[in-house]
Every structure is written in structure tokens, then in C-alpha cells.
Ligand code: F6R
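Here we start with a single chain on its own, the form predicted on its own, put down as C-alpha cells.
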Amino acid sequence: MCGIVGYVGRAEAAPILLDGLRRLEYRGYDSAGIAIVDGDHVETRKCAGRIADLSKLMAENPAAGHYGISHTRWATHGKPTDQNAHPHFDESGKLALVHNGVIENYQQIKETLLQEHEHHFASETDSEVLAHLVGQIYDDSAVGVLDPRRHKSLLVEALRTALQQVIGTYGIALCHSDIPDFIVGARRGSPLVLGVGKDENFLASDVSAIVAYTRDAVYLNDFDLVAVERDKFEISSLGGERGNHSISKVEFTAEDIKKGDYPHYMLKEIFEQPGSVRDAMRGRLSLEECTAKLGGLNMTAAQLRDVGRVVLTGCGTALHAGMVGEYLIEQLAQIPTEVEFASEFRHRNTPMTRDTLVFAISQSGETADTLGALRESQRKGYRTLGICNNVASTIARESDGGVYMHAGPEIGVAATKSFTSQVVILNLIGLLLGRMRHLSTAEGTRLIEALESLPEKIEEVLKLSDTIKGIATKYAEATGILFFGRQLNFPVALEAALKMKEITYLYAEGHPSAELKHGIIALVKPELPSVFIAPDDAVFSKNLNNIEQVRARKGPIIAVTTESGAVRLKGIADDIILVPDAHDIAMPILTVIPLQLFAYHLAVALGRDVDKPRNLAKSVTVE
């Protein structure tokens, strides 16, 4: 959830650490801080607020040195204040530590340090307690040891011993003023990557922080510890065994994570969807066999035919994509499919048969609840596959197989292109499983044609941005917004409402259209617009009936529909957003994009910070 950057090398550390934090600000922006070792003492600058506030502080009071650590925070324990900002120090003031995650037993550790060692704490955080614990263990072990080379191993062992005592999750980087050109990191449940450079090395919670400096990376596993120097590194496990990790090449560049000419990452990523949708199916459609090719599933044709039930699990936007997937797989493959909140799945005893196939869906591949659901499913012996956007993520590495989204970096906190890529992939899975059962070659061909036509049709939808901006401005005074859809477009209503809540802070809810009369109609009033996702499909007349009921009660109506539907809605809907005609399986992608734009333009009209909405961060890596 928070961001970590560490550096050791020959360059000045401060500019590199600040630049890395700016690239990670989407992960947390309550407070930020830097610790740089200058000679025999640690210089620290930290404050509540954004990275810009920290940059100003650094400009007014610079810190020099060639190694250090930094952090941008999304608050868990303790309010966003200067005192609670990271880095935190141990009792000696020589050890500085930054931490992502949650130490669940920090209160017990704190009580021990207070009673047995009379420690003094300056913050409300669990992270400061961890710094004190590591520092105490190190100080006890380093007494009388004169060899400076020995101090490096003692610091690593102090962190190892401390982590064997804690309960919880962590991504950690620390440094000590007595040990020059040396930083130490560790991870469990919170990502940490080592960047390998020439005469310099890096630590970061996300590779995007360091891709401007190196594209060679080592992705740490849970329970890994890493000791980092200028020209070398050593990885070991929490138990002390030496690690065997390969260096991977990062697939994207620093240019890929710039906004370019767009005012916000979210708008850039909305407009990237013709390409991200194309890349999600690139090389995965076979016109010759009228099916999809998904070798990454690591399953034989016989194993795929034996699947008798599918469970899709995720959180937030990924959950909504899974809900679209439920309709798709049941419609195309006739396999019973259900969607589970990952947070519920991992904590309840869901009845499943031996022929169940589980998919864990996560853009980052690090979502804590989804990762927990994957591990719970595997623990019970079910084949569990991943759908994620980060080939080096924990879910990608721990799953039994899966499908990589190829959506490219998604920086905006409000997910956009990852949703449409996930829906494309679930279409491919439905097509693959369907063609192994009852789908004809003719229908397989029609489905492939529908998918291949999507990028061009998405470009048509994106041309409506200025029109949608006008509609959004019209409703800038609304007290909230209702979203309605049926069948495949019901999850789109949920996703559209989530986008609206995330970046405008308005009340917004998504509902099945048919539920209108079952209580929701009581909310209808002139100040509360209703958005109906109503393409001219098999249930259009049902949607039209619901729209008429809202109109009769003077509720403003925005309709997302196709050309023939627009003819029937003229004079009924107050505003119409026209999307191209398409096969039913493609329609959720074409209807969600104008609603992403609607939320975006309304948020801008309200003066919201679109890319950094309040209380939110991009990756939920803590519960």
C-alpha cells in the first residue's frame, strides 16, 4: 500500500530517492520521508502531505550522502502526521527503517521494550516498534565487535531475529549510520524488488520507482532477506539459507509510466484501452480452430474438459470483472460459475468439488486478500490460476498457471484499462472452454470476430469524450448517481458506481435494473440522476420499462445505448451516450468506457485530485 525506495551507490542519494517516491506516490500520499547517511550520522527529512511537500523541505534543508532509504505512506497505524511519517529510528538514533505492512503483535513487543529496556517512542506506528526491536537486537550483538565487516552480518542477523518474533506482513528497508554503503531489506506479504545497476543497487516496493535507473530486477519472495551494497547483494531466507534468484529484465521503460500530454494518468489509461485490449488477445485467438489459445494455464485439453465448476475471486474492480466473467463462462461454456469476494473466500469454508477450477484476479498480483484466497484454495488442493498484470508478482509466481494481461503499467488509482483487459481474458477463457464442449465453429468464429473488432470500436467510443464531458458538467451539482444494468451489463453498473465513488466522492450505487421496484425507486428524485446501461439487446424492453418508471418520478436519465436503442429512447432519456453495436460478449467493454470518462470528467469538474483520491492507494497489500 505504501511506497519504499532505497539506494546505495556513488551518486547523491537524495535526487534518486525523491524521484523514486514521485513515481510511487500513487501507492500512498499521506506523508513521506527520507533518511540518508552522511558520514557517521543519519540525516532525515519527513513530513505529512505529498511528495511535493517533502521536496520543498529537502530544497530548504538538503541532505547529502550516497546511500539511504525513503518512504511514501498510506496510514494504517497512526494518523498522517510528521511524527508518524517514515523513516523511523531505533532507540540509538543510528538505525533508520521504512516499512510497508502491518505488525499485528507490535503492542506486545512495545511493552517488552518499554519494561525491559526503557525505550522511548516518538510515534503511534507499529513500524517504529519494529525499528526499535531490530536496533536493540543489533546493539546487544555488536558490543565489543570491532571488525566493521562483521557488523554487516550482525545487522542482517538482527533483522532476521526480529522478524522471527513478529506476526504480520512487511516490506522493509533499513540502514545504519555505523555501517557505510549498506542497506538491508526483507519481505513477507508486501512486495519488494531489488534493482541491479552498475556500481549501484536499489530497493523498491514497485519496479516503476527504479526503472529509470535500471531494468535489471530481482523480485524477492516472501521470507527473503537481502543485503545490498554498491557492487553486490546477497539474498537469504528467514531461516538463513542462501537464496537462488535470477535477474529479470523489466518489460516496460520509464517512458511508459509518464503522463505524456494527458493531464492525468487516469485519462491516459482510459485512452490506452484500444491498445491494451488488443494486447490482451494478441496471439491468443485461432481462426483456424475457432478458439482461444492459452498455454499459460498449464492444463491439458483433458484437464480443461474435466472442469465442472469455476470460481472467480478478486476485490474491487477485479471482482466486477469476475462478475462479467461469470455470465460469459456460463453462457459460452455452460459451466456453473460463481464469483467470491476474495476477503470472504479466504475466511469461510466454501463448499467446492474436486473438479473446481479457481481463478484469482488482480491487476497488481499483490492484492492481500486475493493472494490469501489463492493460498487458501491451493491449501485445500484446488487448481488455482491467476489473471494479473505483473508477470513477476506474487500471484503470478505462486499460482498453478494463468493469463498475463499485457495491459502495461496502470498508475491511476482508479482502475480502467485493467478492467477491460480482465474482461477480454475472461472472454478468451469462456471461448476456450466453450469450444471444448458445445460451441460450434460458426459461433466460435463470430466470437473471435467480435473480439477482434473491439479496438476499433473502443476508438469510436473515445471520440465521445468531449460530449461526455458536457454531460458530466451538467450534473456537477448532483447529490449522487444511480447506475442500472441487466445481465452482462449489471457488473458494469457496479464498476461505474465504484469509479464515481473513488474519484468524485459522490454517493453512487450500481443495481440490477429489475431491482428498481424492490426498494431502490424510493431514492428517485430530480436531484439524483440515474444512468441506465441499455444497449438494444434481448432485455432492452425490460430496461425501457424501468427507465419510464424513473422518468415518471422526474428522475434525470442518462442512457448508454446503441443506435437502434437511441431511436426508442429519444424524448425519454435526458441524455444519450451512443456506443457501437456489438456482440453481447463485447458490450460490457464498450459500455464501461464512456462511464469511466463520465466519472473522470465529473471529478475534474468538482476539482478532485483524480489520480490521488482521498483515502485510497493503488495496491491494497494490507488488510
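As the structure is a computational prediction, the values presented were derived from the model and not from experiment. Just count from 1 along the sequence shown to find any residue number.
The same protein has a further form, the form predicted in complex with the named molecule, not shown here; the description that follows concerns it.
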Check: So in the predicted bound form, does any heavy atom of L498 sit within 4.5 Å of the named molecule?
Finding: yes
Note to self: Although the partner isn't part of this model, could you tell me whether A318 comes within 4.5 Å of the named molecule in the predicted bound form, counting any heavy atom of the residue?
What the structure shows: yes
Check: Can N84 be called a contact residue for the named molecule in the predicted bound form at 4.5 Å between heavy atoms?
Finding: no
Note to self: At 4.5 Å between heavy atoms, is S364 in contact with the named molecule in the predicted bound form?
What the structure shows: yes
Margin query: Using a 4.5 Å heavy atom cut-off, which of 527-535, 407-415, 217-225, 428-436 contacts the named molecule in the predicted bound form?
Written below: 407-415
Note to self: Just to be sure I understand the contacts: of E200, E502, E269, D126, which is the one whose heavy atoms reach within 4.5 angstroms of the named molecule in the predicted bound form?
What the structure shows: E502
